[in-house]
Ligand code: IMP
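Next comes just one chain, in structure tokens: the form predicted on its own.
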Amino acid sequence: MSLDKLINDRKIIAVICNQFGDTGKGKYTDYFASHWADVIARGTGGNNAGHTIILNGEEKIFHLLPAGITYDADGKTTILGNGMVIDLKSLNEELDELDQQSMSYNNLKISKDAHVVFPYHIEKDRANTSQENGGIGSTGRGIGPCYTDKIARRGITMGDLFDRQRLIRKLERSATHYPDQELDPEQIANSLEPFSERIKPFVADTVSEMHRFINQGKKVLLEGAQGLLISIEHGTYPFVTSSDCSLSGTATGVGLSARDVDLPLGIIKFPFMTRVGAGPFPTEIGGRDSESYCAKGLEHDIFYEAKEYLGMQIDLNEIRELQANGNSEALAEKRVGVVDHIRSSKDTLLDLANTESATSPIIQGAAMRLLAGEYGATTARPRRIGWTDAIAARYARRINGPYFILTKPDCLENIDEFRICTGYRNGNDTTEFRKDEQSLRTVAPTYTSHKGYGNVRNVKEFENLPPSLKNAIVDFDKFTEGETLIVSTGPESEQTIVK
């Protein structure tokens, strides 16, 4: 199938995640934004997201703005929808970055009904960022507390920012719900005023705008955030995010219905998957030991693991000081050197990642993490590593629709063997996904093993993929009763096979 055939006559396409997030939504938002869309809209979450794209050969990460903002100069509209929660300071910082690169955002629209993340939300959230001792491993960005206020009907919207009396009144009410913080409504309003005034021209009734665009025949791309398995509605509760990042939640977050979407594309990492933060993960390599290891956060980041497992000469005390001081430029420069070294050490990492030669599951997982660059785009925390779970994918397919995009197979090129989970064992064998923690903590995965494969980055047609990978995808589709339409073969937008 060609891309033209795939998108022919489509009016609304959604790019969403069928796993725990971090699957490559940024790449495919960029892909469809460049090839097809007129409007790119995001409807859930806040700056707890991190969508990565390759722009002019360089990696760029967006946390609030849809990745399609890079096509603003082409007349494409980007929307931050009503279902989002927005940190004004973070949004302004992203706009500053666009200014620095002489990139326009004239066609940006921000929902007047999106809720605002305030400093007191962040302060409260940061008290619960730890993944240890039963914590969920929050990003500490204030997302959960902001959604809590929204659901409790005491939230403050973008539209409220421009009525000073109403804003102060609402902030005074908020102060009563945060007694552990000494909130000064006037000071809060004053500190955020420069940020709100800057974005005022972009704030609009985006639901009405969205319906107008559709009536005009505009092609709309919905950019998901996070993933179905951490959706507040459908995920592994309570180890979930605070919004419904399913197809339905993504659509309602911009004023649409899931029934309006005529091509939902659920992204799945294959043949491995990841999770950030705490919570059950049946196929995790290393199990609870790996969860505890990754719970150390930045203690086990890319700098630590490159030093520990590749013998790089890295001064971790210097790194930690840079992190504590928020020196992102210096950290980014040092990270480039680490990434270059990792690329030159692929054979060593493959040996550590191969099941038969791995000295421990923790080292195997770390090697795969280094090979794939699996560290949080927002937090830089190590992502937990496991084999792709076809049972969980089938569950997601039933909620998000039948069509898949598979990403990251290029990261495990030349590994000896890979595995796909096709069963759970716990007394009685089962192939059903039960999202409660007790069920997922007590099952043992059973796997179908496949021979490893070689280079995929230069492959242009599905039929030309290495036979073991191609056959595994065919088997995966049959098991999940889904259909893989796209396979990613590398980080660049055009490293894409449309099946």
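Numbering starts at 1 and runs along the sequence shown. This structure is a prediction, so every number in the text was calculated from the model and none was measured.
Note that the form predicted together with the named molecule isn't included here; everything after this is about it.
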Does the named molecule come within 4.5 Å of a heavy atom in each of Ala49, Thr139 and Val276 in the predicted bound form? yes
Partner-free chain; cross-checking the named molecule in the predicted bound form, the single residue of Val240, Val338, Met158, Leu247 with a heavy atom within 4.5 Å is Val240
Among the candidate residues Ile230, Leu167, Ala392, Val261, which is the single one with a non-hydrogen atom no more than 4.5 Å from the named molecule in the predicted bound form? Ile230
Look up in the predicted bound form whether Pro271 has a non-hydrogen atom within 4.5 angstroms of the named molecule, and give yes or no. no
Indicate whether the named molecule has at least one heavy atom within 4.5 Å of a heavy atom of Ile285 in the predicted bound form. no
Taking 4.5 angstroms as the cut-off for heavy atoms, does Gly144 touch the named molecule in the predicted bound form? yes
Classify Arg419 as contacting or not contacting the named molecule in the predicted bound form by the rule of any non-hydrogen atom within 4.5 angstroms, answering yes or no. no
Counting only heavy atoms and a 4.5 Å cutoff, which of 297 to 305, 222 to 230, 341 to 349, 361 to 369 contacts the named molecule in the predicted bound form? 222 to 230
Any residue of 11 to 28 that, in the predicted bound form, places a heavy atom within 4.5 Å of the named molecule: Phe20, Gly21, Asp22
